[in-house]
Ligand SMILES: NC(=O)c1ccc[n+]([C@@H]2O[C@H](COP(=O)([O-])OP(=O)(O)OC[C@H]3O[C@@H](n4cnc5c(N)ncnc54)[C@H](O)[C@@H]3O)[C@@H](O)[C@H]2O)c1
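Shown here is one chain on its own, the form predicted on its own, set out as structure tokens.
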């Protein structure tokens, strides 16, 4: 079990193989992504009464998807002493956590994330949510799982594209800490070592423990997500979330340099760009991104000009921790252009 800060609401486990030893001791039911049911069954793990296996994608990440789950739990019936076990990627854990927060005004849940991205990011921290027409994750709640079970066996079932996408969430963590050497190791292929997962989870847990409701420091974890979310949505979700974060992080490096922060070595940025280059045809034009940036949930009035919108932008800095600054959405235009040019 990972050593987390005192008082942290989630126990964190990093396991090599799937095992039922960490399943809830009391009453529980399961909601999972249908794509991972074969792996769950192959490990001989139980499917209790009321188990729901759902085919999920970003388009299904809506409030209306949750209502049948809540009705099913009420029919079992689940009581307040029950636990929801959520098995799937970030879309599934975001939705299941929100549903657990709504059922009987909040019951316990466990996250069993099955993608690299969800194992190092979405499953930890208690941010649950669904999308609205106006943008990603605009309806949600802070409802941490009681357990996060990270099992590397799931990673062996991932397509290479999904594994590569998840690496950008760890890459982001390395730049938040200002550790360029660690970031460089994440540009290699292959399954991340257990030590890599543990380091990323420990770093996120420490930030979340200090700022559980994202009132200040925790916004740093959004590195790559500001422009990344906009590109993801504007691409009609042809970009995977982790891919969009990678592109957004590269653009944030460009924006940080334009804002006067210490630039990253050109060779380092070129190496990151070469890994992202196959995604160039999926990158939406700036005009499409600006529309989504203006709706960013981290936006608010510009302090110097209240009539304008500003966004909390996370800027990485070579050799130092990342910084956050309130900047107008239009500030990203040049960074978007430089990022796209570096891919070709």
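Positions refer to the first chain, counted from 1. What you see is a predicted model; the values in this text were computed from it and never measured.
The same protein also has a form predicted together with this ligand, omitted here; what follows describes it.
Only one of 203, 174, 102, 158 comes within 4.5 Å of this ligand in the predicted complex through a heavy atom, and that residue is 158. Only one of 127, 219, 108, 199 comes within 4.5 Å of this ligand in the predicted complex through a heavy atom, and that residue is 127.
Under a 4.5 angstroms non-hydrogen atom cutoff, this ligand in the predicted complex lacks residue 235 among its neighbouring residues. With a 4.5 Å cutoff on heavy atoms, residue 136 counts as touching this ligand in the predicted complex. Interface residue remark: residue 167 is not counted as part of the site for this ligand in the predicted complex, having no heavy atom within 4.5 Å. Interface residue remark: residue 85 is not counted as part of the site for this ligand in the predicted complex, having no heavy atom within 4.5 Å. Per the 4.5 Å heavy atom criterion, this ligand in the predicted complex is contacted by stretch 58 to 66, the sole one of 44 to 52, 58 to 66, 288 to 296, 23 to 31. Applying a 4.5 Å heavy atom cutoff to this ligand in the predicted complex picks out 114, 115, 117, 118, 121, 122 from 108 to 123, in order along the sequence.
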